[in-house]
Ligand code: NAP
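Consider the single chain below, provided in structure tokens and representing the form predicted on its own.
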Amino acid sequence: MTKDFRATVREAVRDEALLRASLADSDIAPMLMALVQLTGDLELMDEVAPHIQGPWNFLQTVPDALKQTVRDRLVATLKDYAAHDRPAPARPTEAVLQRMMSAGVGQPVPAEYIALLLEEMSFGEADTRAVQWQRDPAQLPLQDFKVIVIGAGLGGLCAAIRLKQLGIPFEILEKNHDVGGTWLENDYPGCAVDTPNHFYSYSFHTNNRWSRHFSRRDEILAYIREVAQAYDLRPHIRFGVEAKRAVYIESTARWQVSWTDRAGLAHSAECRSLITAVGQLNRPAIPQIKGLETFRGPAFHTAQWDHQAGLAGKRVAMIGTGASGMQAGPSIVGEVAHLRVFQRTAHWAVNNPNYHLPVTQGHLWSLEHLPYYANWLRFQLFWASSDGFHASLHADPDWPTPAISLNATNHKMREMIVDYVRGELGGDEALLAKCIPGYPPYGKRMLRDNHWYKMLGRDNVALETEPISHITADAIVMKDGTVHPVDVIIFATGFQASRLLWPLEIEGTGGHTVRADWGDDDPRAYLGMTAPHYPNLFVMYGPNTNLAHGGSIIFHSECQVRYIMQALRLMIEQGVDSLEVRQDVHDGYNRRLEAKARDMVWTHPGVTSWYKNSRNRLTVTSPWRLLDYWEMTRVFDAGEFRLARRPAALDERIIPTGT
């Protein structure tokens, strides 16, 4: 609990009518787990468990009478705690926690997940992902160890928070006028997160006040700004400056970073370590369609939305049907005269009943006032959104229909989505044929249905699946000669994700450059963060760290930042000038990664996506379970790196302070 346990309990029972009304409006699974944690009684849990058939709340069919029993017992338990001023109960044993977790999501939760999930749930204990000094920081040359972070999105701010906690001087270079990264840049209609918000937030700075289960862009941006304010990060950020070049100076073991400001003036500074947190989805990809430059009307990318374009009563063309298209299209269709959607390949999109729902007042109350409720909800959503179906993303070599599905579970998912889409389209089989991909589910990013299929059935919407030939001043012309007059063109065509770190120029040792080593679509890094010839450089959200099977990129960022902070701690405490991953370690990791990805859905020969390069090598997406990546990044292993130390030895006294 973030507040004092006894005070929280007293506040919860102060108004019993409010308590009971709020519990009646709250989710049963986290409520039940809170009760079990408070009482240690598993009997009622075992009675309720058979009615919990999955981690999402809409998969729980607990009878009303049984729900009421849980609520009544919870009220009585809280009143007893308050009346006797009882302290917080001891945390359940791992064996009990495993039983609770498995009951709470209606699926077996393997014991190997317990340590990870306890970190995520953070039952009012120390921030276990915060790295602590092992030597007296007062005796360390911290002021001589400046770090530059490029990017003030969620990844860069996470790094900044941890650097500040350690007292390591740092500066953030941010090309935009404010924090937020992709959530600042993308403000198209309908822009929202597709990971549940109570999980899509820092584990060490949770937010119990989300108004929706899947919040809109403005609310997410407000959260990011609140984080920057809470940790007083703005004084460390240079806004409106774009990093252009970073060169490693071998003689001084420092990076020289150059940037330009709003006025176009050039600046540079040196740092001991460089952290790039520029993201993958920040450079729009606009297809090179012949004649585009002749179009007289507004033409813009969803990430550069033209709010002055005025769509009301216009004939609008939207090219692309990925995540931003599925969110923007249904959000504008009511105001345009006609929306013509140009689709190259269909995408899979699932229905989640919570996607459009606000968070109820009772749920909000319980998150703030009911002990352990928020912790168990975070666990529930972590499990719903992460590794539960990872095994189904591997191809069964004996599966009879490998072109359209991978295995029995994957095929069942396919049939479920097809049935759902058929219902949304009102049984229009011709339109259904256009909407159902010819590759297995999850081959591309699995999207959330934002009333997309309902939109396609409207009279003022048309879905085009034939190729475009060219664009004229006022129309899009198809290869078959069909002319579609349009007033506005919207590109929902994604980003240049494969060109990681572009257009930033980075030069390491021996004349190595990122562009020469990686080309435009073949990036490789150890754990997605470090590469030979680039000492003291750490890449956040680097190669093969995008999450496509589920999870939250914030989770991956926290794993990466902990690893980076341990590396910096070692450098500072042991007087290390340069730290560079060994070539054999780097290459061995990438061989294992490619072997892991070989039979997974993202390398399916029938899928063309931004997840892989022109040679069918997976470059963007992580093939690992979240558990695997957490374990690989949990402890920094200096033996995997080449270290160059300063000659002067530092004080060897160790302070046993944990991670």
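Numbering starts at 1 and follows the sequence shown. Please read these numbers as outputs of a predicted model, since none were measured by experiment.
The same protein also exists as the form predicted together with the named molecule; that form is not shown, yet it is the one meant from here on.
Only one listed stretch (280-288, 332-340, 394-402, 90-98) carries heavy atoms within 4.5 Å of the named molecule in the model of the complex, and that stretch is 280-288. In summary, among the residues H484, R344, H451, R225, the only one with a non-hydrogen atom within 4.5 Å of the named molecule in the model of the complex is R344. The contact with the named molecule in the model of the complex, taken as any heavy atom within 4.5 Å, belongs to G325 out of G155, G325, P523, G443. The named molecule in the model of the complex is not approached by W602, whose heavy atoms all lie more than 4.5 angstroms from it. The named molecule in the model of the complex is not approached by Q560, whose heavy atoms all lie more than 4.5 angstroms from it. Heavy atoms of G320 reach within 4.5 Å of the named molecule in the model of the complex, making it an interface residue. Within this chain, W610 lines the site of the named molecule in the model of the complex, having a heavy atom no more than 4.5 Å away. In the model of the complex, the residues of 189-223 lying within 4.5 Å of the named molecule by at least one heavy atom are, in order, A192, V193, D194.
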